[in-house]
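Coming up is one lone chain in structure tokens, specifically the form predicted alone.
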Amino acid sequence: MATTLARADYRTRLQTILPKLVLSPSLALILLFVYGFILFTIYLSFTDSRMLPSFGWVGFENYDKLFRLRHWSVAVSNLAIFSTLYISICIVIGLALAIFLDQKIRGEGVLRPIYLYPMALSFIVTGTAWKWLLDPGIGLENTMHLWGWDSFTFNWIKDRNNAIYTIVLAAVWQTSGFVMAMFLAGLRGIDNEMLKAAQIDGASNFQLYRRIIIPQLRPAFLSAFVILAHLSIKSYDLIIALTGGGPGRATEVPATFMYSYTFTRNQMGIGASSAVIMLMTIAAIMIPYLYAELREKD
């Protein structure tokens, strides 16, 4: 009897410990290569590191230099323009597509994957494809000229004033289908009995959406905003593939600024400080969102 109890106790302990043993290598790698490097980057932002990491402590000097750099101001301004347009247009188009597909239209099973397909592509592929499309020498403008429309011009990608909007076009094209899926899931989760009761009371379709449906999509709106804001802040590969940050600095954002100052200009301390600012911005978005989600579950 004692032997049987000992074996059962050993099996129970093994079942408890085994998952932890299996996950511990992955956890250790995450702690080292994610959170460890985050802490190391924060430390470097307070040092005089240039081409290679250095340990000469300079305090907040790098942050002071960063916010006095005109290049950083341009990058932040570009990010503000890009993020505002990207988030708002994606949400509007995603909601419109979700409402369209929620009408139980014929061919929904075909249209939904078509809208979602761009999200399966990497931002490098998207940037390269849109660069080919928008380049005046080989893209849309050249095609229109070959077809005889000689007065047609679309050189935004080469124009300092309009280049940032080409980034918005490409990013919206890639992500709006994903936002549509989020809103469609929210629409399918709304109680139909409530909608039928409102229709019986004489509510129009506009009133249904304004007073019942859209207010109940608040979690989907919040999730879409958080994801899109996160993508816009760390946008690097799309911009590098599409414009390379140019012309000039017309499409430079904090992510490209950080890479440039860290690996090209050999100003690792300033590059690290810009990375810390980006991290703080993402944290300022994510922490309230996670707090709200956890509080609702409690």
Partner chain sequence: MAVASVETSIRTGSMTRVFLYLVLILFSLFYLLPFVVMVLNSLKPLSEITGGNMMALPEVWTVEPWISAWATAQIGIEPTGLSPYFWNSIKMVVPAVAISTMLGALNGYVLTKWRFRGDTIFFGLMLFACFIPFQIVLIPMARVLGLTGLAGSTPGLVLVHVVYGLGFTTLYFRNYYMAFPTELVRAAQIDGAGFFNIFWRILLPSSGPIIVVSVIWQFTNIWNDFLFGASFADLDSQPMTVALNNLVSSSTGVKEYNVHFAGAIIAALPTLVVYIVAGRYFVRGLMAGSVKG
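Positions refer to the first chain, counted from 1. C-alpha atoms forming the largest set that superposes within 1.5 Å between two forms make up the rigid core. Bear in mind the structure is a predicted one, so any value in this text is a computation, not a measurement.
Heads up, the form predicted in complex with its partner chain isn't pictured, but that's what we're talking about next.
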Q: Please state whether every one of the three residues Val58, Ser88 and Pro215 places a non-hydrogen atom within 4.5 angstroms of its partner chain in the predicted bound form.
A: no
Q) Quick one: is Ser176 in contact with its partner chain in the predicted bound form, heavy atoms, 4.5 Å cut-off? A) yes
Q: Tell me, yes or no, whether Asp237 is in contact with its partner chain in the predicted bound form, where a contact means a heavy atom of each within 4.5 Å.
A: yes
(Q) Taking its partner chain as it sits in the predicted bound form, is Asp159 in contact with it (heavy atom to heavy atom, 4.5 Å or less)? (A) no
(Q) Contact with its partner chain in the predicted bound form for Trp132, defined as at least one heavy atom pair within 4.5 Å: yes or no? (A) yes
Q.
Need the contact residues for 138-155: heavy atom within 4.5 Å of its partner chain in the predicted bound form, sequence order, or none if there are none.
A. Ile138, Gly139, Leu140, Asn142, Thr143, Leu146, Trp147
Q. Any CA movement of 2 Å or more for Gly36 between the shown form and the other one, core superposed?
A. yes
